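Given next, in structure tokens, is a single chain: the form predicted on its own.
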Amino acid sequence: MLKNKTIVLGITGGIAAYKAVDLASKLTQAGARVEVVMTEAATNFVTPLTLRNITHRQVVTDMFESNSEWSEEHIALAEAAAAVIIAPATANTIARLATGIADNMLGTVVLATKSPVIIAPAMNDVMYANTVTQKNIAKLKSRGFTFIEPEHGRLASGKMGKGRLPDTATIIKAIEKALGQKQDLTGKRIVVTAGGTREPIDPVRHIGNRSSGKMGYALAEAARDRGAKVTLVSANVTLEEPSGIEIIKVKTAAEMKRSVSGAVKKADALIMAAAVADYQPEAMAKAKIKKGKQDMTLKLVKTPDILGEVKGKFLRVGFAAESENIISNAKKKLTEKKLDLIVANDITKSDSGFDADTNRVVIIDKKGKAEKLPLLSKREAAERILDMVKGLIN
């Protein structure tokens, strides 16, 4: 999503300015063209040379800087921006933006751009809580600016409070969400399942699988960022909960089926990325089973077939995690469950198996046409899957 996008990174004069170096680096690594605009005060905390070496772009510190490609037409930078992120944003900068002051390059860019503006405040906790600061924030929010809440932690003063700049990952997610406001899934309701179900043997033990839930979470976040109203049915994951998404936590296949059945009543699409256990113990022992001298035999019965049993008029997308005959097994599942799409991957590959941050998938439609994707991040793979979902919904 960030690849080839122009991101204007505004850095203002707070101690957290040093963290903007990591943000610039991560954005650049993601393929973005990062244009850094620093206030005069910001240069007291981090040098333009550092940012220039990170982004490989000229850093703007003066509206009338002669060696900047933006110097002759500073409005051009505002027009080129896919998004503007100010991190850190001081109380002073927020106040100036709220009153429309544009006597430096950053103020001019913000006032002139029609692109999303994201602001990440970082300051002393008392300054942040001050009525004036909060009124200025409220004023900018009413104009459509997005604010990332500062974190609670140790501040530059040495005390604990709410005022720390959020971590880089949080800021990048906010940028991606803003860039996703092309809204090609606006008005659509999408249910996504993620993680792996656990079927209890006794109060201590269970039958489960190695699913991390990363693919499902990537799909949910990507759908949210494209304007969809998303319900995420999440089973046994350790991932951070994404904002702006309704999350229903479940443990077993039966719980997932009940939650999905309720969630899809008004859904346009169900994307079953979760790894649902195929079998469950016939009965769960009420007390912990003690280890005896003899081997134990466990009778298993099938779990509910969620995709096959949940009723409704919505697009059905399944996943097939296979270890052999990837495409033929996926096509069989596609036909048997009457799916619109199925996404297959080889779990024996280290770059597309469990816990990996990348995936190498094949997307197959109901006509049997298979599209083999190259190795992608799970977010990129999610975008490609949603491109096909969008086409089928529309």
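It should be emphasised that the depicted structure is a prediction, and the values quoted were computed from it without experimental measurement. Start at 1 and count along the sequence shown; that's the residue number.
One more form of this protein should be noted, the form predicted in complex with a small molecule, which is absent from this view; the next part is about it.
Taken together, the three residues 274, 307 and 337 all lie with some non-hydrogen atom within 4.5 angstroms of the small molecule in the predicted bound form. Only one segment in the set 164-172, 266-274, 281-289, 77-85 has residues whose heavy atoms sit within 4.5 Å of the small molecule in the predicted bound form; it is 266-274. The small molecule is not shown here, and in the predicted bound form it never comes within 4.5 Å of any heavy atom of residue 231.
Among heavy atoms of residue 303, some come within 4.5 Å of the small molecule in the predicted bound form.
Under a 4.5 angstroms non-hydrogen atom cutoff, the small molecule in the predicted bound form lacks residue 33 among its neighbouring residues. In the predicted bound form, none of the heavy atoms of residue 217 sits within 4.5 Å of a heavy atom of the small molecule.
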